[in-house]
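This document starts with one chain, in the form predicted on its own, laid out as structure tokens.
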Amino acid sequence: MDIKKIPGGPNFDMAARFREIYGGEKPEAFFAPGRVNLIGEHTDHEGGHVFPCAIAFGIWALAAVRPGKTLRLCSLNFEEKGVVEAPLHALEHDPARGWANYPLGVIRVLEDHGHALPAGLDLLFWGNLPEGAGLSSSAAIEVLTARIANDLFGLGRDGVKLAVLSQEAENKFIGVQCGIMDQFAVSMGKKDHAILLDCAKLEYRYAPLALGDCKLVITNSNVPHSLASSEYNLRRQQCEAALADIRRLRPGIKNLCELSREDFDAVKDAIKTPEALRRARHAITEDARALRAVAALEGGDLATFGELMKGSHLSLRDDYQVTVPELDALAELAWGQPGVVGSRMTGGGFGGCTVSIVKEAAVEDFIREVGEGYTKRTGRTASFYVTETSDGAGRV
């Protein structure tokens, strides 16, 4: 298929660029979507439930097997970096390789799990996910690389396993202690559906994303974030400290989200620091919000879904403390707009995006009013994306 003809895909001849850079090999085309999480934030690493969907923005790749033991990678989004070359085996993280560490980490993890590739690859990437916006560009390129290796070399791994291996690459090779949600949504997305995922058991089901006359609107604060930052990993450490404290009373517990709110209230005094208490309270209440929100959506109660989105944002602001003033401004402006069902920050936080459910007839006014209000309050300019859902990563 000519990927130039795919709605939202590259509007240039990517195959011609591949030939210019690598030569005459005929490449295979692949795509991995970004994701937006509708509710259930920072619960995946605590064994809770999340409710993401894959979106039509993402990363495309052209890939060809090459003889020898060398990997060659190029991103048209970072064309000034040129072609990155790396050995096929025993890869180590190298800061000088920049963005290429994400796909290279996947190749290393595949080798660690007995899937050393028998030949090299030429890889060309291009994406329309805004960098640093919290829409899982890192997970997209990781899962995309895993899917390419799986399909071109017949590794026989299913989408769930590819997600798990991609998460391991981010945890161990990149050094970000993320949960499974991003990679799972990118790998297992289904058009017109969101995924209710139990992150402790990797049990999931698809729920129709029945928004009626509403649209999903992603608003980018244009405050970039880095999930490798000390603040993200610190939140994980604080949750682990809370869990360790609770285990003195409940020694059999494996994850914070095993606790109901009533269970938590009975043991919370065992948590030694106020910071760890707040982090744990967010995880447990957010898990409950996610389950209530999915039930509301499936019952056609969008109003309740929207209220739970607001509650999620407030908990992320006050208990988990991962919002920034710009994200709070976008959410607060959205809550005051006619036609808005719900709005919240989405992703890791410390910058990035909000996700809003907006009546289709109100989208134009929403973009204008929120955009103007945001600039007035922060001095920054927001970017808006009215998005559709997508299937997960695969061949084009």
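Position 1 is the first residue in the sequence shown; the rest follow in order. Model, not experiment: these values are computed from the prediction.
From this point on, the text means the form predicted in complex with a small molecule, which you will not see here.
Against the small molecule in the predicted complex, the set 52, 197 and 287 makes no contact: no member has a heavy atom within 4.5 Å. Exactly one listed residue, out of 296, 178, 152, 211, brings a non-hydrogen atom to within 4.5 Å of the small molecule in the predicted complex: 178. Between the small molecule and the residues 48, 347, 342, 58, the one pair within 4.5 Å by heavy atoms in the predicted complex involves 347. Looking at residue 173, you'd find every heavy atom of it more than 4.5 angstroms from the small molecule in the predicted complex. The small molecule is not drawn, but in the predicted complex it has a heavy atom within 4.5 Å of residue 232.
Only one listed stretch (361-369, 36-44, 64-72, 332-340) carries heavy atoms within 4.5 Å of the small molecule in the predicted complex, and that stretch is 36-44.
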